[in-house]
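For reference, the chain that follows is the form predicted alone, supplied as structure tokens.
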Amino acid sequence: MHIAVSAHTGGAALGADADGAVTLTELDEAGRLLGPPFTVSRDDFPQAVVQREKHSPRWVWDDTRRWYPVLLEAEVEVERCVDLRLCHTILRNAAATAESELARAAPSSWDAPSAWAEQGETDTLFDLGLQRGHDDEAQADPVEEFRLQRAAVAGSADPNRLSLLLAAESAGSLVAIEMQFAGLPWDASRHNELLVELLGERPPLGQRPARMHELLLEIRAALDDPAANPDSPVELVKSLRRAGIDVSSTNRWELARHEHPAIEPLLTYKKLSRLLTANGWNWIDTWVDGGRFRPVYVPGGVVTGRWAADGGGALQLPHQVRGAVIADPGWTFVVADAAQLEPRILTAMSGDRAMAAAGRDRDLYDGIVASGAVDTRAHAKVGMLGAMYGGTTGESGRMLPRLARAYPDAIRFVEEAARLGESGAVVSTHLGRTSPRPSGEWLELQDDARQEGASEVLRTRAKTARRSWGRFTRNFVVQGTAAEWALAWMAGLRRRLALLGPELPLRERPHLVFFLHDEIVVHTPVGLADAVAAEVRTAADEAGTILFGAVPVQFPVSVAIVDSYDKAKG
């Protein structure tokens, strides 16, 4: 059973009114009504959800971010949902549903930016829609949209895969809201201590911390330039060139190639500057409240399906400040990350049995070395990254022919994805998320380069553009499928963690608090840590089976039980 949820305006199951009444509509799998719609008040909505959760429905709503927070505040959780707007984006662009009514329809309010793209605001369920001038919301009928989505899936060549993708995407939306609601334990005092150790005491507004000021003086002395400004890339390049350092940018990789007394303090300055800007004292003031950092995730925020983050830099927490992530008294963290996730995903997608054997019960890169394909783990890693990201020069380019001989199916798979991209075609992940098409400018450039009399410069530009897009599609299939595996992992783990405290509210039992592409953090009572670690591993195995079935590819995860996040990795 599915239950469509919408706000109520003037008798229609649409929009939002001052009373905030909510309309619930029971549906079958195809979106057909199982009974007449009925309304409940905003105050009674959480209890109505509790009553219907006994029957394990799948809640169908426009945006999880608009409906779920108010339920969590009332200590009400839902097991499953359909986030219609996230699913609409997938189906609207999927090659498998290109001929569906949904994909061929004119743009509508379902194509407008979702609540996931409007982070940083303080909306709740009952102050949306008409109050913000979203008049199109009054036309966004969730029942009709659900019907169109189910029809699009049913008409595809592989409905099971697409259904799994939509379920995983929607489960991810629940996880994202729950992690923000629970928050990541954060000790602001410890964070301040870490900043003081690295930067010195907090300076007055507009001034540099003491350590950065010391480095500035070193840089200026080394460059013999009392006006050198490392905070201005343009001015810094001029200062470096005047000192005889031939650079075109202030990229740290380019700077590191030069030997000069200014380089070391400059690189240190830039590192500390990034820390100050991204996670300094202002970050503490803005993002830490009540001993919690509440990550604002954007599911599907990257075109490959990877998550993005809006504000707070949840996906870029540097190691310098992870010591401030300290578990509550009597609690601990279970930190887990998937080992060599993307190469293992490629192995499963391509069906390369030789590579599957290389990663059996061991580090995959070590297995590649043991097979004789390359001589060191570093070469195995750089070669595989080159294969997946299109590295054709340097060490990655040198390793690629060796890997192609040892693992032809895996390398052929990404090469074919690259060729499709270079031709202007789309590619899809294992479950069916499809890459965007090249821009009109890209297509026009390719067409112009094929014309008789096209200049060599134009042809070179077109070739460069083709190869660049091929690198994108080469990686899209792997990175996108890895994102699908991560969603399945988190969804399965979320379900398993709930069973470790079925009668307890979310924040009083083991729960997910952080996610970083292939790494998760669970906050758990100490006494349940070993049980959580076991569930983490089981959920990872389960995710591989859900996506790929009985393939001989393992998806191992490393697990650490620690009281602070910085202790999870050496």
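For every residue, the number given is its place in the sequence shown, counted from 1. Nothing here was measured: the structure is a model prediction, and the numbers come from that model.
FYI, the form predicted in complex with the DNA isn't displayed, but the following is about it.
ask   = From the list 113, 330, 440, 318, which entry has a heavy atom within 4.5 Å of the DNA in the predicted bound form?
value = Of the listed residues, the single hit is 318.
* Tell me, which of 391, 408, 291, 155 has a heavy atom within 4.5 angstroms of the DNA in the predicted bound form? -> None of the others qualify; the residue that does is 391.
For this session: Find out whether any non-hydrogen atom of residue 435 is located within 4.5 angstroms of the DNA in the predicted bound form, and reply yes or no.
Result: Result no; residue 435 lies far from the DNA in the predicted bound form.
Quick check on residue 517: any heavy atom within 4.5 Å of the DNA in the predicted bound form? Yes, residue 517 sits close enough to the DNA in the predicted bound form that at least one of its heavy atoms falls within 4.5 Å.
Review point. In the predicted bound form, does residue 271 have a heavy atom within 4.5 Å of the DNA?
Key: Taking the distances in the predicted bound form, the answer for residue 271 is yes, it comes within 4.5 Å of the DNA.
>> Can you work out whether residue 277 and the DNA are in contact in the predicted bound form, taking contact to mean some heavy atom pair no more than 4.5 Å apart?
In response: Yes - in the predicted bound form, heavy atoms of residue 277 and the DNA come within 4.5 Å of each other.
Exercise for review: Among 357-365, 177-185, 468-476, 69-77, mark the stretch whose residues have heavy atoms within 4.5 Å of the DNA in the predicted bound form.
Suggested key: Of the options, only 468-476 has residues within 4.5 Å of the partner.
For the heavy atom contacts within 4.5 Å of the DNA in the predicted bound form, list the residues of 210-236 involved, in sequence order. Those in contact are 231, 232, 233, 234, 235.
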